[in-house]
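First comes one chain, alone, set out as structure tokens in the form predicted alone.
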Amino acid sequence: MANKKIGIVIGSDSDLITMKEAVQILREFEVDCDVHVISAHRSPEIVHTFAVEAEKKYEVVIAAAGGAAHLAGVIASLTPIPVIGVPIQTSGLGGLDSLLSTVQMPAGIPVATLGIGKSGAVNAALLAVQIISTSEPKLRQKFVQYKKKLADEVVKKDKAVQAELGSL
């Protein structure tokens, strides 16, 4: 759609397993995105450059990281565009460490933090679509249709459950 683009950054290449979900959603909505591996701790200069230049290229940044997940916060501190954080599930603490590192930002540095893992990745992409759809009526209509499809699926599942229960 138009020239709207989403920047997705992941703290490690292993985070791509989770963030492919976000890429699929953005493709479904025909929203372009770039995906880059950058680390707040291992490549801080690259993160700094990415963040200060982000508004030239992107409408929204989605940042996913695990453990001491400071990637979204660092980017949010350096750019005026919206930053959405996705905490990645970890083996040690199940992603709670990532969630707390992403969500507990100081006043003045907002990061829209979503759920841990794949549902967070999906919702991050959908939130990014909603944000850019405020200035794109065609994209907004696609989003409305997406929500209607979700509701229609619930109705269909309800009918199936009622039919199964009726046959007992």
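Each form is matched to the other, and the largest set of C-alpha atoms that superpose within 1.5 Å is called the rigid core. Because the structure is a prediction, the values reported are computed rather than measured. Residue positions are given as counts along the sequence shown, with the first one as 1.
Keep in mind that the form predicted in complex with a further copy of the same chain is missing from the display, and what follows is about it.
In the model of the complex, R140 approaches a further copy of the same chain with a heavy atom inside 4.5 Å. Within this chain, L26 is remote from the site of a further copy of the same chain in the model of the complex, having no heavy atom within 4.5 Å.
Contact between E55 and a further copy of the same chain in the model of the complex is found at the 4.5 Å heavy atom cutoff. Put simply, A64 is far from a further copy of the same chain in the model of the complex: not one heavy atom of it is within 4.5 Å. In the model of the complex, Q130, I131, T134, S135, R140, F143, V144, Y146, K147, L150, A151, V154, V155, K157, D158, V161, Q162 are the residues of 130-162 with at least one heavy atom within 4.5 Å of a further copy of the same chain, listed from first to last. Core-superposed comparison between the shown form and the other one: the C-alpha position of E153 differs by no less than 2 Å.
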